[in-house]
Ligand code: MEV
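As structure tokens, one chain now follows by itself in the form predicted alone.
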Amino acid sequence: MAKTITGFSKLSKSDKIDWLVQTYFGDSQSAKALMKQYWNSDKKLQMLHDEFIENTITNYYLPLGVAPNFLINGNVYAIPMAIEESSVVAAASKAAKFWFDRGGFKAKVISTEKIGQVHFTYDGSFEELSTFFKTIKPMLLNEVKPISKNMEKRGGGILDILLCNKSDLLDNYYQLHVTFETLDAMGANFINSCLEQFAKTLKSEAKHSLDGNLDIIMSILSNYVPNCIVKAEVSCAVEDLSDNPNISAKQFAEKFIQAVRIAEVEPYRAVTHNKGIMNGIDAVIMATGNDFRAVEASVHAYASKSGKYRSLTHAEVNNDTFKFWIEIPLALGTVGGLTKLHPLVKLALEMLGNPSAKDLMKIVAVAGLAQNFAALRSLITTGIQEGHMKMHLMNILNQMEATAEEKEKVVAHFKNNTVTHSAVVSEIEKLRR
């Protein structure tokens, strides 16, 4: 049984590792060596990473890849992607190349509103509360001026505050529902600071203006951003759609659209369909220092907005033109957070031309659309495993500790043979015999 420890956070990094090794790894020096192996030799850089989070013991690396040849609104991008899953970067690159000669991707930001809420209870009448809110609304906005003035100078700030009656859901439950524009910042700290000030003002004014008792429960931004939407699309003549000799362009379009429609009506398929979209989106979000957990939560809530979980992408043929598109909520930032701290994040953003938050929204949406196109294209033609397993081949070889010579021979063998885990094991064993 593991031991408890008091004061772990106050230990040095080396002492933390010593305790972990003694407690969980039987004092294994190889475990200690492995943790220290991933320390950066540049002490300043390592200290920077140590201070990103708490109780740091080592670094956990993900590969940073690049998918080139993305034509987006007439500009060419090489998109950085941080991800551990094989075939994702290759699939994105293949989709980029396919659409480059067919007009590329078009993307536009539809809206950029973000939401924060002050949650509170009130045991008096709603009419009294509503009158009170109208009276103090100018005061709420004025009290937050010291926090919002810099954001307002840049063209952002608080767009509106609404009083929402939610007492039909929970007894005495109400909200201040606040909309924000945060420009190139994701804005979490700004939004939360404003909300906490609203809560203080609301509480203090309620004490001498309301008969009932008003109690603040919490003040927090929402990661659901249904009014922070970006759209990306591709289109071409149906006759230009297929470059596969085994399927006609018309058949390709029909099967592709049917595959999308299945994900629109069947939740079991929709979850996997949307997961593939997020392969592309999360990889770019990670590379650019944004919060992929917040984006995931918002995107999946958005996919369920009709009351049923559905596909995030859509496809149609109209007047012999094939169109494939995505509309997705993305609250992203290109300033603040890790964007100015992590050296590789800065490099990734520079690679993208130091985009605004709106431009990054477009790029990320395109990455998701490209990933979904590549996956569906494989599914309705060769099947997903042929391409995926060939990309996964090197992972299997590394698990088997194959030598460079063995890798070369096995890769050559599977150029014309189907890759499965058992087939790779068999081939390696044959070589070693």
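Position 1 is the first residue in the sequence shown; the rest follow in order. Everything quoted here is computed from the prediction, not taken from an experiment.
Quick note: we don't show the form predicted in complex with the ligand, though the next part is all about it.
Contact with the ligand in the model of the complex, judged as any non-hydrogen atom within 4.5 angstroms, is confined among 358-366, 69-77, 276-284, 187-195 to 276-284.
Within 4.5 Å of some heavy atom of the ligand in the model of the complex lies at least one heavy atom of residue 85. Of the heavy atoms in residue 272, some are within 4.5 Å of the ligand in the model of the complex. Contact check for residue 375: a heavy atom falls within 4.5 Å of the ligand in the model of the complex.
For the chain shown alone, residue 397 is not a contact residue for the ligand in the model of the complex, no non-hydrogen atom being within 4.5 angstroms. The partner is absent here, but in the model of the complex a heavy atom of 379, alone among 64, 57, 393, 379, sits within 4.5 Å of the ligand.
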